[in-house]
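Just one chain follows, in the form predicted alone, and it is written as structure tokens.
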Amino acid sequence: MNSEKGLGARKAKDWTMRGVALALTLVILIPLFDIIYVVAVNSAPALSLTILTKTTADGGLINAIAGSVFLVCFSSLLAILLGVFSGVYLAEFGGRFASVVRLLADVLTGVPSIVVGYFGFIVFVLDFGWGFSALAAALALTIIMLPYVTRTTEFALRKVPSDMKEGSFALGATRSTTVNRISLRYAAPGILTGVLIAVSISLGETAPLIYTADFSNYLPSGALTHSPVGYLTYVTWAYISEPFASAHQQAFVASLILMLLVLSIGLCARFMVARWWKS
């Protein structure tokens, strides 16, 4: 009899927690779907080949799209290389400077992006003499992305079972081989999560780019210095304040493209990891 009561209590607790989890999920999803709905509805009238092929000066977004993709790819390359190496160092080697690197990464995650932008303006634009440019903007985004990649890489590597590492060492593998063949492979989903968070944050940044990239109504020239670059977040931020309906539509379309870019990056990354695990 007592066992039946205990089973009933556990089932009641299970259903209660499921209900709480479902309610909390809805609390998160309802505002998300509301944002997607508002952006989709307001951008639909302006969706056309024209807005995707002309520059912002002519009512399009091609220069902003190209600039955003270029800046994010450039900064992601730097942040992923430096962040993964830093995370491996913290998790697998941990020399005397590990605590310093860990502290700096934690501090950087709490620094407002506008402070990073102002730092980039003072150092990269003025002191280094690069002017408003892709290089200055990419380095500013790299500073923002780096701590997320570093810390998530460290956390993911620390979750690798010690038995797997010990088995690798027992078979005669070196520490470097174990990290490359075992630890990184097992920790790939966790590392990918940090990379996706960092890329999503960089795609949504405006303040640091205003100080380092300015804005250009033309396609990127390919020059890394002394050449302003257009980007989607500026269109969203600036054009929504304009008193023209066409500008508002451009802002909503820019927001829709940003969301689609984040979704596409996430799906591609998950597909690549799935293929990697199967290989």
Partner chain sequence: MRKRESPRDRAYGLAVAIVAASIPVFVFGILLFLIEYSLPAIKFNGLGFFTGTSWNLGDFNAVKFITKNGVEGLPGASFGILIFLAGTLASSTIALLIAIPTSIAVALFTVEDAPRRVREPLIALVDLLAGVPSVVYGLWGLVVLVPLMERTVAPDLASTLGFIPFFGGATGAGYGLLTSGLVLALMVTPIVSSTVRESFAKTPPDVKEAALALGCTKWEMERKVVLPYSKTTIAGASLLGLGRAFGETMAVLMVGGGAGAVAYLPSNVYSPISTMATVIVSLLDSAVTDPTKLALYSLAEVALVLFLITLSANMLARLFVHGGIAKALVSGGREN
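Everything numeric here is computed off the predicted structure, so don't read it as measured data. What we label the rigid core is the largest C-alpha set whose atoms superpose within 1.5 Å from one form to the other. Positions refer to the first chain, counted from 1.
The form predicted together with its partner chain is left out here; the points below concern that form.
- Contact annotation for residue 240: at least one heavy atom lies within 4.5 Å of its partner chain in the model of the complex.
- Though the partner is left out of this view, residue 74 does not reach within 4.5 Å of its partner chain in the model of the complex, counting heavy atoms only.
- The closest heavy atom approach of residue 148 to its partner chain in the model of the complex falls within 4.5 Å.
- Though the partner is left out of this view, residue 206 does reach within 4.5 Å of its partner chain in the model of the complex, counting heavy atoms only.
- This chain lacks the partner; the member of 44, 52, 38, 57 within 4.5 angstroms of its partner chain in the model of the complex by a non-hydrogen atom is 38.
- Note on the partner interface in the model of the complex: the residue among 88, 160, 199, 125 having a heavy atom within 4.5 angstroms of its partner chain is 88.
- Interface residues of 93-113, taken as those with a heavy atom within 4.5 Å of its partner chain in the model of the complex (partner not displayed): 93, 97, 101, 102, 103, 104, 105, 106, 107, 108, 109, 110, 111, 112, in sequence order.
- For residue 57, the Cα coordinates differ by under 2 angstroms between this form and the one not shown after the core has been superposed.
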